[in-house]
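Listed next as structure tokens: two forms of one protein chain, kept apart as structure 1 and structure 2.
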Structure 1
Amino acid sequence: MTESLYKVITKEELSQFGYALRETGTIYAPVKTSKESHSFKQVDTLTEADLEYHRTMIPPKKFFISPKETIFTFNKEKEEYNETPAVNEPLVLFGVHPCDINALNLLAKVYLESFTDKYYSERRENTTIIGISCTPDEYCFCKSTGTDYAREGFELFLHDIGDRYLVRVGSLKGYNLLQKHASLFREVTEEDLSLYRQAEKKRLASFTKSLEMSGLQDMLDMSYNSPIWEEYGEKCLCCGSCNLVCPRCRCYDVQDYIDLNLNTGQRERKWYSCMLKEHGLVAGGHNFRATSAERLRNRVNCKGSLKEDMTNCVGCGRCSAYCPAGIDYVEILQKIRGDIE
């Protein structure tokens, strides 16, 4: 019999697996940080994590492209510059949802294919991703975007099927992890399969938000002059939150700073947002997207466009959940579709 790439681990034994994973790297898992927010934080044991979370405010892309970081320091007199090392330690991201894994897969294409970002590349190499299944809340619409299932981009994926997890292997590294900790896992039984079927059925039935994607990009293209942009532009605070919490947004800003000695200094980069006024500002003072309506239209078009056969949006619901003005991204697109008034 060929060895199955599916295994089962009980919830009781998961904590032991978590403990054992400390050999692989420093573990980061979703931890509740406030009334409505979770964050991937360093944990010693999985008991500190909340594996039934809905979403972290800041997506796990923070581990690959840091929100703010110094890329290099320089010394003019010595004519030298020192790049900041990308990796300090191997990481284990435990409990990543399918939407976020799919988002990372697209980021990997952007950051690794044409021009390799060494930070992204080295950090991804040094990271072990353990995915976990989830139950949608009122903001989730990943089923509509086709990103509620992760095919690749993880080492192991845990499907919650009651008192145990069905474990799926996503990479050779994941396979080796299973081998290394083989005593914690057992083969899949008929009962496990039956539980998996039930769990999937229940999960798929619990989506309350949906967005029809078919033809959406065409409708967006033809809605350039729609009054919708003004309508939502007036509500928009132009605060940039939607971009900064988006797992697929990838704009960053780069600035150089010199020290008071006028000799040494550093180059810094940090996440940026197309909803901020200066994003479209070019030399000479022209701004391609000077108004909030224009910026909102640009963002929704970017998110609604196809990239690698998927939209630029993974349906995680963050931009709506964390918009201070309460703007609902799905509602905008439903209006574009004419599904709602």
Structure 2
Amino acid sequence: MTESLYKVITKEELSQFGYALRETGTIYAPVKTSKESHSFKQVDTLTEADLEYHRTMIPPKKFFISPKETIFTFNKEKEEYNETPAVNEPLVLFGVHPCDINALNLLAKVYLESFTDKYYSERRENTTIIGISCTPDEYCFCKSTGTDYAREGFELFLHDIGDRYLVRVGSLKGYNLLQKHASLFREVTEEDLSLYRQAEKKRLASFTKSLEMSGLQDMLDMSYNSPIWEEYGEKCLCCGSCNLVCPRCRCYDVQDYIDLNLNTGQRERKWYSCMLKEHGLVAGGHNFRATSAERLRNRVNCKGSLKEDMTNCVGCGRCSAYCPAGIDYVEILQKIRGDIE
């Protein structure tokens, strides 16, 4: 049975597998959208995808937590509240990186444990996740956060080992999918295993950015009044881009929108940013995070938190790569640690 959890598929046969996956659901894969950006978009064939990408700008969490959605509509006169049915077509997310899979695992803890969010639950149930290995660039530090390897949270995972992929099975759904298309896969040989070892060794050696995580949360706690927050707060535009691109940010806002008749309307929830000034605004006009330094400190401390028994940062590098002010998240934490001046 153990051997059946690992298979090999050639890159040529992968295209055939892509055609077969259309029976499972609509396929979304990383597509190059500009010189520096990729996005998960609908594809008909895997030849349209760029499987050697570094990161997408918006993480795949968008498929599970919609950036904006109507929760229910209401009619005050009739005292009617109609919940909006979710449109949950079967999806295949192909080419998800380990850091993003680990980010989704944390979101699952938030949205599925204690109080289950039915939207997240239904969408995850209807989604087949196929991960793929990646090569880090100058922004990646997922090796430091321990999220450069995915152990769960996917159906199948592909490791690039040259002209073929070593395939790991991560769920019963993935196992059944592999069995259904068994003719495209073969057993792992000693040569495949050797190539996998070499590929992993090369991947791990290619990281250029690192962050020592040991004791970091305590150092953040003791650096509450550090001048570092003012230093970077002066640079920060408080635009919220870091929250928008973060695969682990999960804050959302809920608002009611009333029609001009003052009788009907709808309640919506949408992604929200702790870097926006109004995020800390409460009744009476008081703002408990009025300055950019305070908001930046809050966000960095949130990412350094272990309150879900796992780091809240997966080291994807998006916040640094897409910050219009050029603020480097790792640089801030290295200063907190005293590793750099």
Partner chain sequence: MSKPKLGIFSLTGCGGDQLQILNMEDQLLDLVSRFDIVDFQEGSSRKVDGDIDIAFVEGTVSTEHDLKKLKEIRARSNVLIALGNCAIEGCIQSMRNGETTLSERLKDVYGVEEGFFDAKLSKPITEYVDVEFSIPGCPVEKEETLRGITSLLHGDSPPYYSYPVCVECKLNEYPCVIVEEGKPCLGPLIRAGCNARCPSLGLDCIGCRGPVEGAENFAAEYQMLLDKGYTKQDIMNRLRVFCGELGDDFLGGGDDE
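Rigid core: the largest C-alpha set superposing within 1.5 Å between the two forms. On a predicted model such as this, the values are computed, not experimentally measured, just so you know. One-based numbering along structure 1's sequence throughout.
**Asked** Is the form predicted together with its partner chain structure 1 or structure 2?
**Response** Between the two, the form predicted together with its partner chain is shown as structure 1, not structure 2.
**Request:** Establish whether a shift of 2 Å or more occurs at the C-alpha of residue 78 between structures 1 and 2, with the two forms superposed on the rigid core.
**Result:** The answer is yes, as the C-alpha of residue 78 shifts between structures 1 and 2 by 2 Å or more after core alignment.
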